Ligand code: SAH
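A lone chain, given as structure tokens: the form predicted alone.
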Amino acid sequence: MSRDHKENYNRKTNRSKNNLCPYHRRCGGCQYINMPYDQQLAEKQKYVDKLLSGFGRVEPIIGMKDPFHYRNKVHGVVGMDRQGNGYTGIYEADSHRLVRVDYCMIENQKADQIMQSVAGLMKSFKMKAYNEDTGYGFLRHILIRTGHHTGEILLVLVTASPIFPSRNNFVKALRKLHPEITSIVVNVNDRDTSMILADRQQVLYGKGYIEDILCGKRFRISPKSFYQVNPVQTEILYGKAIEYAGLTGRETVLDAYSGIGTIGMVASDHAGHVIGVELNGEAVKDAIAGARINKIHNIQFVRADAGEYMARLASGIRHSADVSRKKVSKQSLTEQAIVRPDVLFMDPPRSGSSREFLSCLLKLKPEKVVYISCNPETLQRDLKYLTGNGYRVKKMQPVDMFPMTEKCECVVLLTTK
């Protein structure tokens, strides 16, 4: 963290260096916000060492040059004060009390500005914030995704009803304030649920998605697709993952939990064949579009649960019905060509991988497994299982993907004994 950045922020907010964020005590999202960045890295290194050093040497954590405003995905819950003015915020830690947050030290600054503009237009357009207790109101959430390299901006308005009065005028007023917005989508969520996005959505302006560039590849990002929130550190993380894989151009690579295909497409330049497995249908569509945009012919995507897909591979059951009919090209990897993978990339959710997935991994026995984890605790659990059943840990690299928070990402290389 640079001294200039600290001084500029403190001068703007007129707050001391020991209180960078006025919301952190109630928000709870940035546990390390008032800790010097070097100390944050030291704490995370200690945490990862404690959990993983039993498997081998843990490399020094890779931090950010500027650990602020890195999040390219910004979400706000919509509220309303007694005067009828809209605002956005986040639920207080371990509660359902809404904390008003007007700016955030780790979120994209332009996204924060747009969010405040949307909230500021609510009163003039007679737009009410949705009340979960009464079930009345219109606007529930605001979600913004930004392209780090392209500058494209996707605004998603989550509403409780498909009826949007004066929506054209609302879009015009908002774009007058922020002409940099490239797409606006309404997502209708009329259910009593904690889920932010539902299945029904309508494009009000633009393409309904944005594109961004990562590791030299161009990716399409829709409202519901997974994309790493810190693009600067993601390039470092994926670069390390490709380095660990040691691809020679001949390998068959399986990219499990592939999302929009980021790791698989980056690996495609160095592999013989790549197949990505992802359950989210919208992400699979984005992945197929990304392969076409980047003219990648040695990759194909399967819409399936990663554990179930691994089980079918391990048992030899054909899966042609699950392979997407939308071929990238005639040269795409066919179902018949899918064999035991030489290298497996896996990037599971925070809960880690399922025992079914890991059991099938042991049956398929790829020579190399590159495990990317956002939770060192579930990573430790999964590594214990794999190292107890024929694998050994060769390399471990923590990367600080989430500065100001206690979270830490790791990439691990495992090989067969």
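From a predicted model like this one, the values you see are computed outputs, not experimental measurements. All residue numbers refer to positions in the sequence shown, first residue = 1.
Separately, the form predicted together with the ligand exists; it is not shown, and the next lines address it.
Does at least one non-hydrogen atom of Tyr87 fall within 4.5 angstroms of the ligand in the predicted bound form?
No.
Consider Val266 of the chain shown here, and say whether it contacts the ligand in the predicted bound form, taking contact as heavy atoms within 4.5 Å.
No, Val266 is distant from the partner.
Indicate whether the ligand has at least one heavy atom within 4.5 Å of a heavy atom of Asn72 in the predicted bound form.
Output for Asn72 is no: heavy atoms all beyond 4.5 Å of the ligand.
Give a yes/no on whether Thr262 approaches the ligand to within 4.5 Å in the predicted bound form, heavy atoms considered.
Residue-level check for Thr262: yes, a contact with the ligand.
Select, from the options 272 to 280, 116 to 124, 137 to 145, 189 to 197, the stretch whose residues sit within 4.5 angstroms of the ligand in the predicted bound form by heavy atom distance.
Of the options, only 272 to 280 has residues within 4.5 Å of the partner.
Sort through Ile299, Cys104, Ala306, Ala129 and report the residue having a heavy atom within 4.5 Å of the ligand in the predicted bound form.
None of the other options qualify; the answer is Ala306.
Could you check which residue among Asn108, Asn294, Gln233, Gln228 gets a heavy atom within 4.5 Å of the ligand in the predicted bound form?
If I apply the 4.5 Å criterion carefully, the residue I get is Gln228.
Those residues of 340 to 360 which, in the predicted bound form, come within 4.5 Å of the ligand by heavy atom:
Stretch hits, in order: Asp347, Pro348, Pro349.
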